[in-house]
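Form predicted on its own, single chain, as structure tokens, below.
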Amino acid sequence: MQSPTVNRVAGRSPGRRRLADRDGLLGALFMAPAIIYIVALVAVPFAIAIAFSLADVTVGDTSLTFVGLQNFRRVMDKEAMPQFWRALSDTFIFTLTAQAIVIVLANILALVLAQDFKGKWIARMLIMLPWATPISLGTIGWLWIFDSKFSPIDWVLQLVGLLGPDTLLGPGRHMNFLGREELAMASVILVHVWRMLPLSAVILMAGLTSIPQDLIDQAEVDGASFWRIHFQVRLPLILPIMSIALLFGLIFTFGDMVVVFVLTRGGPVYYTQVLATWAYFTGIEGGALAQGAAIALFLFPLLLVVAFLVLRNARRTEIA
């Protein structure tokens, strides 16, 4: 016989119980905010960008006059717009170089943070600060560090005797990091590494801490050295997780425009332009909305191919 309390609860809210039992309806309700968000902030702008890229749209004339692939041919014309090809190559250079450095440093940092030492929680918090800091504010800080007159790096180099008359780095007293092509590219890569390293390190650290300690102990009992354990035990086990960290880094760096926009605005000349910044300068500041949309759309197939290759490799590694 059921108690009165159970009877009252069961009799008081049959509608609620029926709603709670309808998994399909509850799933749709829970998914609705995410779907609305994606449609409003991703799908709609993407559709507008496709429409603009196939039309002759400018800031002064927003009529959608269909022109086919004419905008894509214009932006890919090496003689008329060499900046596009430089932006495309710089996008690959910045992204691949930065992520190669990030993966190496993230492995080292993850190994250190996974160890037990005094104050490790404070160390982990400090490591995450670059990722938690708004990228625009962090890049403004780097803009001061690379300043052509007041850079603290120049002061340190002068102090140790590497910069100035009769020194290794030349007679000048300033490196002019953002005014020289090679140094400007290196500066952009450095800021990308600083930005992405904490996230990759935390992801890899989570993978390292999930490895059963019995495997490590067994390898140590068998006489394996630290490097052999790391390269033959740890790395194969965390390769799928490393692929996810790499995918996040590639996507964030491919589509990022803040670092280049704040540091160099694509200069000197247009030697540090990336696709995102060149699309902005062409479409927004230049007023050629159609050509800016066409440039921006080149990011989509690139990111799609990168995501497919990384996820397929991660899946194969996980199955193996």
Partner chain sequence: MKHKLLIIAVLLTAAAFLIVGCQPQEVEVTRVVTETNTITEQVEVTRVITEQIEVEGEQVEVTRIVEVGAEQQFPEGTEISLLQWSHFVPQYDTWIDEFAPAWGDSVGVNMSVEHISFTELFPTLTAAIDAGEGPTIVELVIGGSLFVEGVHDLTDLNMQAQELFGEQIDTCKANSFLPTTGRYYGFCHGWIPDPGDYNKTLWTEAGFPDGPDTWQDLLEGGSFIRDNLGVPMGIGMSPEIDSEFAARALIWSFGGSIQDENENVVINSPEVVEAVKFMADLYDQTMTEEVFAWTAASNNQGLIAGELSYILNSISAYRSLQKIDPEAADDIFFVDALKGPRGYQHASAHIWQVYVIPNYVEGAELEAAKAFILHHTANYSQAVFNSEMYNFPAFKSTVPELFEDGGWLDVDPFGSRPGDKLKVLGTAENWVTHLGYPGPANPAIVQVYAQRIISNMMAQVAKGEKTAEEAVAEAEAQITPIFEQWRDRGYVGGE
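Positions refer to the first chain, counted from 1. Rigid core (definition): largest C-alpha set, two forms, superposition within 1.5 Å. As the structure is a computational prediction, the values presented were derived from the model and not from experiment.
The form predicted together with its partner chain is left out here; the points below concern that form.
Listed residue (43, 269, 69, 51) with a non-hydrogen atom within 4.5 angstroms of its partner chain in the model of the complex: Selected residue: 269.
- prompt: Just to confirm, residue 212 within 4.5 Å of its partner chain in the model of the complex by heavy atoms?
  reply: Judged by the heavy-atom cut-off of 4.5 Å, residue 212 is well away from its partner chain in the model of the complex.
message: I'd like to check something about residue 173: if you look in the model of the complex, is any of its heavy atoms closer than or equal to 4.5 Å to a heavy atom of its partner chain?
response: Because a heavy atom of residue 173 falls inside 4.5 Å of its partner chain in the model of the complex, the answer is yes.
- prompt: Is there a heavy atom of residue 179 lying 4.5 Å or less from a heavy atom of its partner chain in the model of the complex?
  reply: Contact check for residue 179: yes, within 4.5 Å of its partner chain in the model of the complex.
message: So, residue 103 and its partner chain: in the model of the complex, are they within 4.5 Å at any heavy atom pair?
response: Contact check for residue 103: no, nothing within 4.5 Å of its partner chain in the model of the complex.
Interface segment, criterion being heavy atoms within 4.5 Å of its partner chain in the model of the complex, picked from 213-221, 162-170, 81-89, 230-238: Among the candidates, contact is made by 81-89.
Within 4.5 Å of its partner chain in the model of the complex: residues from 23-59 (heavy atom criterion): 52, 56, 58, 59 sit within 4.5 Å of the partner.
- prompt: Against the rigid core, is the Cα displacement of residue 285 between this form and the one not shown at least 2 Å?
  reply: The answer is no; the displacement is under 2 Å.
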